[in-house]
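The chain below stands alone and is given as structure tokens, in the form predicted alone.
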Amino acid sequence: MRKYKDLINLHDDRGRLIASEVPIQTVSPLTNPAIQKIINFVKQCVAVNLEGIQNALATGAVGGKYCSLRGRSVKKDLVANAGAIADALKENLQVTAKDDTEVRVLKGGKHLLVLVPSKRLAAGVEYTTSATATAAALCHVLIDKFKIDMWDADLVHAAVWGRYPQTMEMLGGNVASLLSVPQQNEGMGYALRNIMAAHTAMITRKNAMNAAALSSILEQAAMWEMGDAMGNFERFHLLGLAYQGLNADNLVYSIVKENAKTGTLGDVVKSTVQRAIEDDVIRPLRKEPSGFTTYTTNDMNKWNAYAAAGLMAGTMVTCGSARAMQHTPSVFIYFDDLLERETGLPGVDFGRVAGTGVEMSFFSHSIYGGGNPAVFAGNHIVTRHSKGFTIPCVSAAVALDAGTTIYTPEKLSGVIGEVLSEVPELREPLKYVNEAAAKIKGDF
């Protein structure tokens, strides 16, 4: 059933048209098969660092920084036997012979990509099943295959699980999921928002358009999960996802291209307003005695989507020209400030993006100096206020960064970003989501 009249044109990360006049509902997490597949992969996929386990066993350095069990050492060549370990791990995790379990050997045996069967997740209520089942099965496989005796079995457990259960999460462990443990989420529905911008940038192999898309999918899908995308707010978030994250009507790409050579943030604001006028999203309300024209709109949700797309373009132009991620808070503040002064209309997310920028600049640049933009997620106390509209820009900025920070996205994301980039739907979400939307357009 078609709920909204909005039709969008779908474009890829190079501005090429994929499909025309597609109903907006086709990109909803409730209907789009590719988005649903991406969310399922986030729950099912686990990265195993076999090389890390091998080194931990050999040195006794387990459980995170400064934890070393002197005199404890089990020297086994796990990397050379990665194929056999993967086969045994798959056998342990499978529920039925032909289910969706998958264990893939990567990097010459250094890493494993594990897809835990959906039946295991369906048998419980927590997404942590993927990490716990993989870690437990891996302990069994290593102990059995390498004939580890009872005196060293605890070392295997520590090498795989890390310091858990002494810690809430698997501190220093070598099995990793994109999703943090539930205790680290700030509230109901925050699981998908608790994924660092570093992860999304690395999973998409630092393609800014795809990093923005993946991050926007995760952030906006969380709005349905936490109950924010209900009633009129559903269309608000649908349009935000489509225009800011999925390059609907080629808006983000075309504004970036228009301002790529000499454009400033102010020029991007000008382009955004001009496009909104041309597309009849906003219109002049009145001309003040000073000569200043204020604007109005009959569709505040659509205006917000255009403003959000402009914000993304402004981030890409600003951070792309500097090849540095640190400008994101400035863009959040001054894009919105300029946009509001130019039109008299609210900035992105009704001021919450500008407010987020103020706090983010304090935490990452001022007295606190807590971390670069790559460490932030929608679950962070600084960036959770704007729901769905800031972190996609941060992810795009991280993708455009040329190594300007001490803690690089490669270092922060580590094995998990490298391993999950092997999943095509996570690596190129724009392609798969838009193709899926085009296929189901007839349903609406």
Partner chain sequence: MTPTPLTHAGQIAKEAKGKPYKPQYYPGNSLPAKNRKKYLDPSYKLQKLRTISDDDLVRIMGHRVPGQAYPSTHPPLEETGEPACPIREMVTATPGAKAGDRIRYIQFTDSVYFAPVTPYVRAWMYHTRWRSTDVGVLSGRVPLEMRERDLEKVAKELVETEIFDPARSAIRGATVHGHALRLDENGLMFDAYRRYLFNKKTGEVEYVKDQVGVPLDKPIPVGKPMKEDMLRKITSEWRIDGHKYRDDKEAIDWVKRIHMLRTIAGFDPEGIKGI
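Bear in mind that the values here come from a model prediction, so they are computed numbers and not experimental data. Positions refer to the first chain, counted from 1.
The form predicted in complex with its partner chain exists for this protein as well; it is not shown, and the discussion that follows is about that form.
Of the stretches 123-131, 336-344, 84-92, 67-75, only 336-344 has residues with a heavy atom within 4.5 Å of its partner chain in the predicted complex. Contact with its partner chain in the predicted complex, defined as a heavy atom within 4.5 Å, holds for exactly one of M202, A248, V256, V116, namely V256. A heavy atom within 4.5 Å of its partner chain in the predicted complex is found for one listed residue only; from K206, H157, K110, R163, this is K206. Among residues of the shown chain, T293 is one whose heavy atoms approach its partner chain to within 4.5 Å in the predicted complex.
Its partner chain in the predicted complex comes within 4.5 Å of no heavy atom belonging to V105. Its partner chain in the predicted complex comes within 4.5 Å of no heavy atom belonging to L171. Shown alone here, T318 lies within 4.5 Å of its partner chain in the predicted complex, counting heavy atoms only. Contact annotation for the candidate site: H327, S330 and L400 all lie close to its partner chain in the predicted complex (heavy atom within 4.5 Å).
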